[in-house]
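Heads up, the chain below is alone and in the form predicted alone; it's given as structure tokens.
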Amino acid sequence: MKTLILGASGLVGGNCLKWFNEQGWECLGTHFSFETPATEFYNTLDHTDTSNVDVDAFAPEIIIHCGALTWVDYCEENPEESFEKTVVSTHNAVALAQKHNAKLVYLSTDYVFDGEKGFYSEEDQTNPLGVYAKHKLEAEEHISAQLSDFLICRITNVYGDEIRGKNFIARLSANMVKGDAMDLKLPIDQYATPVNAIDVARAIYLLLDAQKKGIYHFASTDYLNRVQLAERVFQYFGHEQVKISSVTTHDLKQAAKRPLNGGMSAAKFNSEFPHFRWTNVDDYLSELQHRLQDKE
């Protein structure tokens, strides 16, 4: 299948590009603000940009939209940019899908919920709390209103291998390995279901291969707050110069409201793909530890 991956230089997009290539699919991965050797430039905000790779010549059958502005506090203080990079980019992805009669896959978030319940299912009522969350839901609603053949895959606390190592687990692991002194003040009341980006790619591939449609939640077996997540990393790479302190979300005075009891249930996906195994945080950290030891 000819698959266009928008935002393929990021964590989820990069893992999708890697996995889909390994399955023998013909892929075109694009970047906007961060270039990699495996991606081509494509401005998701302006289809007429003369620097854009020729997507029309590629003629995608599937479009996976991974590009996003995920810095929620920045979004809260810069709503116009948030709207442009989340909603406008999605409108453009929808237009591309319509032009090429392609299936659209959109990566969304548990932030579309208010965090009162936790372990959200696809049928639960959405109630976004902040700018980022509202824009993600607005993008979802535009997709479902304009397209009949789409997948909306909601994820949260994604971690794993990526070129920049920006995700929380990868960044924290790298800093601990370097021996950096750290005084981490982390919220003890923000819970989520971390998921490995390569599992997200594997799950999307199965949904596409089975020609599934609609909304799906992805989640592994971990349900952790930020303190517990950091402590899990500490078990593998910690040292005496790392201090982890528990604070509340209120203490942090973050610009954007967080869904405190977040996370999702993958029961729907699991019931349709009972042989699929989600990896967990320990699986990733153990593998990372072995990789680092092999380099020594």
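It should be emphasised that the depicted structure is a prediction, and the values quoted were computed from it without experimental measurement. One rule holds for the numbers: they count along the sequence shown, beginning at 1.
From this point on, the text means the form predicted in complex with a small molecule, which you will not see here.
- Contact annotation: the small molecule lies within 4.5 Å of heavy atoms from the stretch 152-160 in the predicted complex, the single such stretch among 117-125, 176-184, 208-216, 152-160.
- When the small molecule is considered in the predicted complex, Ala255 lies well away from it, no heavy atom lying within 4.5 Å.
- Though the partner is left out of this view, Gly262 does not reach within 4.5 Å of the small molecule in the predicted complex, counting heavy atoms only.
- Using a 4.5 angstroms threshold between heavy atoms, Ser82 stays clear of the small molecule in the predicted complex.
- Residue contact with the small molecule in the predicted complex: Asn196 places no heavy atom within 4.5 Å of it.
- None of Ser245, Gln241, Ser33, Thr248 but one reaches within 4.5 angstroms of the small molecule in the predicted complex through a heavy atom, and that residue is Ser33.
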